[in-house]
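Given next, in structure tokens, is a single chain: the form predicted on its own.
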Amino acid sequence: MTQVIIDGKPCAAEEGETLLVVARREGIDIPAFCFEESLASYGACRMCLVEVVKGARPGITTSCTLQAADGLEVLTETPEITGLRKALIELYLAQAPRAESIKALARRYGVEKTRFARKVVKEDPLQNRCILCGLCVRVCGEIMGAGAINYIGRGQFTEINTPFYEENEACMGCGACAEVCPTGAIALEDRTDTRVMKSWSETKVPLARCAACGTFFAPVPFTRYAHEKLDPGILDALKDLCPACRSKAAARKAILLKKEGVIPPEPELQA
């Protein structure tokens, strides 16, 4: 353990831990759009800027890439940082004019309008909310291993979607992309037995059906992926059950065991 000082407050940190993580744990609110703890930090959005005053190279840097070290001291809301954030917010308002999280941050910093031309596309699959932070691309490729989406185009024409804007069978329909998106840009919809990834070229993924109650509950490719990752594996008797029915099966087992000392027969765990 080591100690860093954030806005004059001593904060305990682990050696090598990023300053943004330390700050959030201590209740110090540093805005960030491209940060996700399950992914390596890369400082793309620039919103988490802090000023280093001691213990490292002085100056302004991103707190998500700044590693905690003994004697490190930073400030998070200097006039210069506030000015930089306001300029960034104006850019994001132009890039993603319908992103509520951007509008909320704008209100926090008193930004009422943007000097830059707004980019509003009527048929935008990302609902005019995408800021190209790349979290969806990274979680799909680096964590899920699917790589179903990526950047398309360059400069002001850069977008994120499936290759050639076509349905992509590599998509597992897991929704991890939507989960990490900081602006709510990614839309998906469950239609009876199919999950439609509306933002990703209407890619359609079949949903698994519960063997007990008949409810469609999860994308088939994702359930297979999850079962392969479990160690020990899931019981064969539970594989085709929705979460609610699995809970009922577990409760039934516990009740029988407590009342009658009987353990319902089950198949052995998967290898």
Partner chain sequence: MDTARLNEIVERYPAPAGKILGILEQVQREVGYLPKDILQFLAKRLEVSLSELYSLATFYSFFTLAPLGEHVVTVCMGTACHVKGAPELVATLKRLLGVEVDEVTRDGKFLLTTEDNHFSLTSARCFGACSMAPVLRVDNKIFGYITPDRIPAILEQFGWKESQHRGS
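Positions refer to the first chain, counted from 1. Please read these numbers as outputs of a predicted model, since none were measured by experiment.
The next section is about a form of this same protein that is not shown, the form predicted together with its partner chain.
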- in the predicted bound form, which of the stretches 186 to 194, 67 to 75, 165 to 173, 99 to 107 has residues with heavy atoms within 4.5 Å of its partner chain? 165 to 173
- E90 near its partner chain in the predicted bound form, any heavy atom under 4.5 Å? no
- Could you confirm whether N150 comes within 4.5 Å of its partner chain in the predicted bound form, counting heavy atoms only? yes
- Message: Is it the case that V120, even though its partner is missing from this view, gets within 4.5 Å of its partner chain in the predicted bound form, heavy atoms only?
- Response: no
- Query: With a 4.5 Å heavy atom cut-off, would you call A146 a contact of its partner chain in the predicted bound form?
  - Reply: yes
- Task: Pull the contact list for 46 to 60: residues with a heavy atom within 4.5 Å of its partner chain in the predicted bound form, in sequence order.
- Result: none
